[in-house]
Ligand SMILES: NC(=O)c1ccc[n+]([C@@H]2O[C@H](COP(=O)([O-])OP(=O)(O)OC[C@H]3O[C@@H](n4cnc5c(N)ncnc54)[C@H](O)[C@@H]3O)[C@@H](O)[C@H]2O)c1
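Below sits a lone chain in structure tokens, taken as the form predicted alone.
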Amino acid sequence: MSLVCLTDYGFKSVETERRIIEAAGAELRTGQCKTPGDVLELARDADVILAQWAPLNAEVIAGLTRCRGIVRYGIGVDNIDLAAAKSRGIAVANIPDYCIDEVADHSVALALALVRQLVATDRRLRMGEWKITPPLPVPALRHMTFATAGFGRIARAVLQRAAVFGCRLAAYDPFVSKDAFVAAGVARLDPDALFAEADILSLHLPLTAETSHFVDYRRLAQMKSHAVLVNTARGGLVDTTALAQALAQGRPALAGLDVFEKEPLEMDHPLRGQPNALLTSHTAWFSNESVLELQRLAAEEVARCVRGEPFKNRVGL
């Protein structure tokens, strides 16, 4: 019988996973691993590993004796050393087809709250100040360019929502054809034009060596003084120290972040002191339905591997 090891999870129950995995003919062993040593103690002899946040680094992967597949709960695979897995012939899968609407909704919610200055106006009102104009200038949404860095599933869902408000739509993605942009009615921009033209810029890129600190101080300086930056993708896309400094200097004017380079966000991080930053704690993915969908889809990927079938969503082909 195959052995599946679930290294860690933040769900109330994993009975859905157990039911699907056991029906595929495997035993499920669970843990709450925090360190590479924890993972190896639990899963050294696993045939398939299912992980949420536990580190599956080169040390762990070198110590696995018979693993043929790793499945990550979620879209990002930052906690898995893909090169090490590939060198051992271990296939890796993620779950990119869940929480599309939730993340798109959260991205647009952050953008709208910032553009309409809801938090700043609420804060001012509670302090006893009543004014019928917001603290900062407010361009009309119908005159704004809403742009995304990335043009995948979530980015397209974001732009579909932005279209309802009459925004001009634009995006940067070197891996998507010009024809796809034309078909969607979205302007195709290079990185310089993206930062210079966007009134609202929402990030939807994977985190790679090439995209790490995609938003740095130089790029921030290219943005309009009233621009809004939103990141619900991966924390490492943004140099958050540079962002805090740029916000203090008023370019861009506002930022909404759900993900950070290090999580939880440090208590002494300068972003916490920026009144023009709206911060949420990696909640964009969440709805009651998305949790159940994530668990089911991840378990189904594991079951495919147990049965000797290819992953539906293999990473790094």
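Just so it is clear, the model here is predicted, and its values are computed rather than measured. In case it trips you up, residue 1 is the first one in the sequence shown, and so on.
Note that the form predicted in complex with the named molecule isn't included here; everything after this is about it.
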To test your reading of this chain, name the stretch in 118-126, 216-224, 231-239, 161-169 whose heavy atoms come within 4.5 Å of the named molecule in the predicted complex. 231-239
Within a 4.5 Å heavy atom cut-off, is Gly76 in contact with the named molecule in the predicted complex? yes
Looking in the predicted complex, any heavy atom of Arg68 within 4.5 Å of the named molecule? no
Please tell me whether any heavy atom belonging to Leu114 falls inside 4.5 Å of a heavy atom of the named molecule, as the geometry stands in the predicted complex. no
Can you check whether Val103 is within 4.5 Å of the named molecule in the predicted complex, heavy atom basis? yes
Among Ala198, Val92, Leu110, Ala155, which has any heavy atom within 4.5 Å of the named molecule in the predicted complex? Ala155
Stretch 236-268 - residues with a heavy atom within 4.5 Å of the named molecule in the predicted complex: Asp258, Val259
